[in-house]
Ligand code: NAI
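Here you get one chain, nothing else, as structure tokens; it is the form predicted on its own.
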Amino acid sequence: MADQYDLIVIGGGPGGYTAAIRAAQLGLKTACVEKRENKALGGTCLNVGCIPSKALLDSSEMYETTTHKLARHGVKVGSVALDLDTMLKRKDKVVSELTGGVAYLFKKYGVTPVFGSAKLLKGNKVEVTAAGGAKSTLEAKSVLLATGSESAELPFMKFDGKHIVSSTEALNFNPVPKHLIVVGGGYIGLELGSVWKRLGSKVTVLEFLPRILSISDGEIASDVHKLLTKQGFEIHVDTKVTGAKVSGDNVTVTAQSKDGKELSFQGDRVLVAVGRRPYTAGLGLDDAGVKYDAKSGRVEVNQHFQTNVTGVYAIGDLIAGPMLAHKASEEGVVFAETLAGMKPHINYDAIPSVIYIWPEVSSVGLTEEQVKEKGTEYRVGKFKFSATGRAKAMDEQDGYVKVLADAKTDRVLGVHILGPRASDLIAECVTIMEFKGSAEDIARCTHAHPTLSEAVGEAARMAWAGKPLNS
């Protein structure tokens, strides 16, 4: 007889484990199936994505600061050496502590972890195949698919795990690549490119589209391009990669420019970062009758995350919307609370995004291009960090805050930040947008002095009143 549950969650990533914990908190008997061989919960984000990459970004930022910035602050250091082994071990320790934290929360709230590969069966049953091959069957009133996504592979540039790699392998380069070629100018490629650039790699970015960060605000993307170039990145846009050939420990990447010119780039490591695809391999969607888009791999759901099969739901990277860990987590909470009879909501117009290069990039809401496409009359407020006391004191003066507001109602349409600690500054703007607030609302909030947040208030004042106070 199958083990009986109220809810079975397939996938232990940010969406899955959050949904499982919230459901258990609300009294639902819950199991979570995770296929990762080392039995570590947390999914791609905690194991080989958000967390290890940020650990390396912070470590490499410290190295960069020590070698290039401390002298300007009057701090003199002697010989500085990179201990990459220690840096990588620290990254692994951070991952281990956080994945262990999820396991602790499962135990605390009574979520049953089940380790193995899950296959959806008809009748809301799930077959789990353990690492040794043993099979078991679970049954529940509801099944949530939360298997996340995987790195997209180019058909003419297959991953080999060493020379041509995905973001997973790029977290563990050792030694530091001499020349890292990054295929794709999105946030993953630029973040990991930043890590290895700071640690000594030459980094070349090849982007098929006319600009990097194609879904970001155009002005922000343009300025990021300039800043990264200043940092030493070699960036080629309008460049179509056509192939790669490995010879010994070197890789030759061939490409074509917009005007048809044949190009060639030689490096020792190639990171392919052209996006991600929903992970559905072996999940049994076809057999269970779950509808999904064959081209994108996205599972079709309604506003309550319900698939076409009664009792089967999906969230996170499997469904439409940005592939962001926090988006998946919020969906997991809303799903669990809805299942328990509550009436929660998620505002997709107020989901922030962050790019952890330096200076950081964060945004929420519409880009200026999207506002123009909608035909909305709008105002722009911009304020440079260089005009704030805190940024000057930090010696971090690059970037600005950009606020877009409806010209008639003053409602905030979007906020885009390029600058120090943009990842933290965006939260205020998310809150204002969640409550359908205005640029005046941001401007009239008291921002402590001297802080970086003053730039947010001044940009909002510019959008609302037409003039900032300190520029």
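Throughout, we count residues from 1 along the sequence that is shown. Remember, predicted model here, so these are calculated numbers, not experimental data.
Although not depicted, the form predicted together with the ligand is the subject of the following passage.
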Given the stretches 269-277, 79-87, 337-345, 220-228, which is the single one in contact with the ligand in the model of the complex, using a heavy atom cutoff of 4.5 Å? 269-277
Among L199, I188, V312, I164, which has at least one heavy atom within 4.5 Å of the ligand in the model of the complex? I188
Listed residue (T112, S214, Q397, N250) with a non-hydrogen atom within 4.5 angstroms of the ligand in the model of the complex: S214
The ligand contact in the model of the complex: E207, any heavy atom under 4.5 Å: yes
According to a 4.5 angstroms non-hydrogen atom cut-off, is L324 in contact with the ligand in the model of the complex? yes
Even though the ligand is not shown here, does Y356 get within 4.5 Å of it in the model of the complex, heavy atoms only? yes
Verify the contact flag for L285: yes if a non-hydrogen atom of it lies within 4.5 Å of a non-hydrogen atom of the ligand in the model of the complex, no if not. no
Stretch 211-245 - residues with a heavy atom within 4.5 Å of the ligand in the model of the complex: S214, T239, V241
